[in-house]
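Take a look at this single chain in structure tokens; it is the form predicted alone.
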């Protein structure tokens, strides 16, 4: 029997959490309820213990939990963390990294999908800090079941009413299914820039931060895939469970990609690979007076083009960073390299793309159909890309 964790915070709609427990149980899930201390002022933990058949967790320092590091051990057992109802307070803690009770500490340890169902007064829900916290969590990959409009505890009509229990459970089941959708599959992702050295000090590179590739790696892991991350120089912490392979130059990246290619099912070339390198690399710093007025370049290897010639059932996904004729150039690149998907974006825009946590892309499939996204976080875009990939894997 699969286990989920149900986080319950101090909203007047807490009584609906009882039905959420029952509905998950009807789907053959074991439910571990975690309550905030303030939530126990509304309903006794004994009620949830009776419904779930599990001792409710409230205090992280309870003696019964002291034999193991409870928030870590439980995180390894569950397939979903569902927080319903979620107050503005607990959402703010999750967003800000505050960990001062079991639920907020537990949130920071889970690797499974997280689903949050807010419930609060309309003014609190639309308050700017609350909306900022919600958007920040969405950018991290957290899913939300938006509240409904209706009669509120403040005896007013408005937005903020907890979504129906059946809708919350339905969304939770979808997330659990997605978290296993690529189990047994392996994904190779390239990320970041490459550096082509002239000497030990100077090199040619580009503005890629690697954020898109790293978010793709995190999303692949969240769907149960084995992820190999071949990364150029970045300042980002890689996802814990990814197999990280660090490189500097385009030739080094090609070597790692070619070595891994035969054993993977999907390749996503999100790296901004330098198109040119210096024909000769000096082992010593070249003095300014010794630099030539004209510096020669030669082409770097076309990694994705070579992979397309060796393709044996793998799904190949490319990225096109363009400044003009975005779709035309991306489609030409897609045809030349025989890709299954192409992700194109306009790198002239300063608020998206390079160096940003956000992007706006066009995703082109092999039939020429284009899906254009709005401006959204790179994690949200990675989810859309993987939804497309899943439709291709195995075909």
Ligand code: PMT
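Residue numbers count along the first chain shown, from 1. The structure presented is a predicted model; accordingly, all values stated were derived computationally and were not measured.
There is another form of this protein, the form predicted together with the named molecule, and it is not shown here; the text below is about that form.
- 209 is the sole member of 314, 179, 308, 209 with a non-hydrogen atom lying within 4.5 angstroms of the named molecule in the model of the complex.
- Among 187, 269, 168, 81, the residue placing a heavy atom within 4.5 Å of the named molecule in the model of the complex is 269.
- At the 4.5 Å threshold, heavy atoms of residue 218 stay clear of the named molecule in the model of the complex, well away from it.
- In the model of the complex, residue 133 stays away from the named molecule, with no heavy atom inside 4.5 Å.
- Not displayed here, the named molecule is kept clear of residue 141 by more than 4.5 Å at the level of heavy atoms in the model of the complex.
- At the 4.5 Å threshold, heavy atoms of residue 302 reach the named molecule in the model of the complex.
- Remark: of stretches 343-351, 363-371, 23-31, 48-56, the one touching the named molecule in the model of the complex is 343-351 (heavy atom within 4.5 Å).
- Contacts between 311-332 and the named molecule, taken as any heavy atom within 4.5 Å in the model of the complex, involve 318, 319, 320, 321, 322.
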